[in-house]
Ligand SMILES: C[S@@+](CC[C@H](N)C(=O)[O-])C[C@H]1O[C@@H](n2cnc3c(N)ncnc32)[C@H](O)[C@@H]1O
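We begin with a single chain expressed as structure tokens, specifically the form predicted on its own.
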């Protein structure tokens, strides 16, 4: 399967719907909700008018942010993901066939009401889009949140070096990523880090500091958020995403 088609696949879609709206696995918190909670702690009294959830997948973080923000835009490159986001916002429920074993599936239904999110649907809007080439109308945000996104972009610098244009003064950019760089998604010359430079290790955090320095300051030291993606009844991905919070500085 071409990587460009990976996120349009029905099995992948079902895994992500379970990841966002389904059960908790192996004692870990729901990652999309935990990510929104971490962003809200970081906001710490800043304006809560508009937020952008870029790389929103199937939308849980967008709905969670809409508990607090007047309006949240969720953008994802995958048409299949965005379609499910819009379905959840419209119908306040989604149904999917969760992979169990081989060709066996279980039919699942998840609702916004069961998650205490029913009232948030009117404050979210979902769009198909490219994080490396955002449309002009996506600007004026108090928060931009990029969850598990940057290591799946074809040229992350196009996002990282221009995102300040979309954020209000003293607004926040929150990035979470496991830094799993793969050439199927990102040509190696465009990796933010995870390489050697001048004979020294150069981490993704090093790269983020370098790319974001002209317009942002780091608010907190990085920390890890765990996440579990259920592939089947007997197979899980257990990973950690490094969370960094950046404040747009006055120019």
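Remember, predicted model here, so these are calculated numbers, not experimental data. Residue numbers count along the first chain shown, from 1.
Beyond the structure shown, there is the form predicted together with the named molecule, which is absent from this document and is the topic of what follows.
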Next on the checklist: Check residue 74 for me: does it contact the named molecule in the predicted complex (non-hydrogen atoms, 4.5 angstroms)?
Outcome noted: no
Next on the checklist: Can you tell me whether residue 56 touches the named molecule? I mean in the predicted complex, with a 4.5 angstroms heavy atom cut-off.
Outcome noted: yes
Checklist entry - Would residue 31 show up as a contact with the named molecule in the predicted complex if we use heavy atoms at 4.5 Å? => result yes
Next on the checklist: Can you tell me if residue 130 lies within 4.5 angstroms of the named molecule in the predicted complex, counting non-hydrogen atoms only?
Outcome noted: yes
Checklist entry - Which of these stretches, 114 to 122, 164 to 172, 74 to 82, 100 to 108, has heavy atoms within 4.5 Å of the named molecule in the predicted complex? => result 74 to 82
Item to check | Heavy atom of each of 19, 147 and 153 within 4.5 Å of the named molecule in the predicted complex | outcome: yes
